[in-house]
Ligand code: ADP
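Presented as structure tokens, the chain that follows is alone, the form predicted alone.
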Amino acid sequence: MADKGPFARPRILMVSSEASPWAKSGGLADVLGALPPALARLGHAVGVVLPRYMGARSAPARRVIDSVIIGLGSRLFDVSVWEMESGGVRMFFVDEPSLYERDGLYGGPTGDFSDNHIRFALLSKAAIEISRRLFRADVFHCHDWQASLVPVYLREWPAIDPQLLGARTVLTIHNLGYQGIFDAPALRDISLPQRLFTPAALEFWGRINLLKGGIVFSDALTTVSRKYAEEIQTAEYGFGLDGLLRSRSGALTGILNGADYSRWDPEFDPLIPARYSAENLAGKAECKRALLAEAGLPEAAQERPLMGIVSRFTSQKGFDLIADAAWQIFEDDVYLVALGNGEPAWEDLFRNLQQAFPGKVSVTFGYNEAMSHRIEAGADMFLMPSRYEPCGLNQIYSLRYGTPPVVRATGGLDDTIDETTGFKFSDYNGTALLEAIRAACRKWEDHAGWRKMMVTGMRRDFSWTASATEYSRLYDALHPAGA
């Protein structure tokens, strides 16, 4: 491998359980699909390591490592590595069929896979092997608990290869609500010594917490908005790790996620029935008409406010507030189109709403990329009443599609929406949500004012360029040129 030269930008190896389009369950995949190419455009050599799930087996990759034996606990895994290039980024797929060739990314109908700690420990060890053999990393950028063992392994075995001695680590927390918590014996399964079973390392209320390990051992920590970086240091949002995060506050930075406008822009979007822009909004009405027909809602709804939701159905997303205020919301002659799936209790909630308000609520269960675009384009306003929201991307997409968001003022929602582009409420209750929706509906009746809000939002720039530049500065500080 050629020397990177004394003045080159640090070489970045991302480690993640998801990356669009090869593995996706949420916004993490979108980040890993867009941030690495943006960094490459800034002059960084960038690689991405992820599992070769069933959905990734169709990637046009070639096998570059036939066999490397990786030990975890008492087991030996025979791993191969596949590589492809995409957008100036080297993509590395870790192939171990017994762990990754499954229907789900993290679990199935009965819950999470019981060996997820092993599956993602293997990913972390394989990433270190890829750095040794294929892509010498100056900075390992690890995402969420699934990659949090990379900094732990690097600290535990720093002499495995001299070139790893100078490598630095960054951990991005995309959602602190997911931490990778396992029973204590799992420590042996992932080849970590018992001395790490301590509150100063991975122990967490008698179990092990992989995200905690990443927080303790990483050189730098980031999360996906400025407000969320503040919130996770409080008991309300810290999920038991707020004290640790406060102790590492000097290493913690909030960097807002960006939007991939090559995929999310109504002026060029091939997935919507009519194109439109801030300069020519005519196609927006056609998109609404087509969405109403697709959702089975009456034509009369064209002349009333239409709310959109695209989301995972989980307790985080604040849908209990909709249940609390549903009768008042829909007596005001507004309509709702929702797309998503998730926890059974919340899917049942949406089924009940659809039954209680026929002709006003339409729900499609599952994930449909094309329909998510059509909802962004066809809805008048977008609803995100989240209990907490680290960053959120749909409100950013909504701005570009001229669909003012109604959001709770938390995390990235608070950072990205203001009174000129949408509607915010603070108190977590159905009354506060109802008041925000009614304020949006009143504004919608003011056609000139609504159009001004639409255009203002459409002209906001949340592209990845600014976010990638902040990450680049962080990498440069961790690993100065020539280091």
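No experiment lies behind these values; they were computed from the predicted model shown. Numbers follow the displayed sequence, beginning with 1.
Here the subject shifts to the form predicted in complex with this ligand, a form of this protein not shown in this document.
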Quiz item: Pick from W145, F319, W264, Y228: which residue has any heavy atom within 4.5 angstroms of this ligand in the model of the complex?
Solution: W264
Quiz item: Of I208, V310, A127, A377, which one comes within 4.5 Å of this ligand in the model of the complex, counting heavy atoms only?
Solution: V310
Practice problem: Could you confirm whether G430 comes within 4.5 Å of this ligand in the model of the complex, counting heavy atoms only? | Solution: no
Quiz item: Even though this ligand is not shown here, does G340 get within 4.5 Å of it in the model of the complex, heavy atoms only?
Solution: yes
Quiz item: Should P37 be classed as touching this ligand in the model of the complex when contacts are defined as heavy atoms within 4.5 Å?
Solution: no
Quiz item: Quick one: is D30 in contact with this ligand in the model of the complex, heavy atoms, 4.5 Å cut-off?
Solution: yes
Quiz item: For the chain shown here without its partner, which stretch in 104-112, 325-333, 310-318, 211-219 has non-hydrogen atoms within 4.5 angstroms of this ligand in the model of the complex?
Solution: 310-318
Exercise. Pull the contact list for 367-396: residues with a heavy atom within 4.5 Å of this ligand in the model of the complex, in sequence order.
Key: Y367, N368, E369, S372, M384, E389, G392, L393, N394
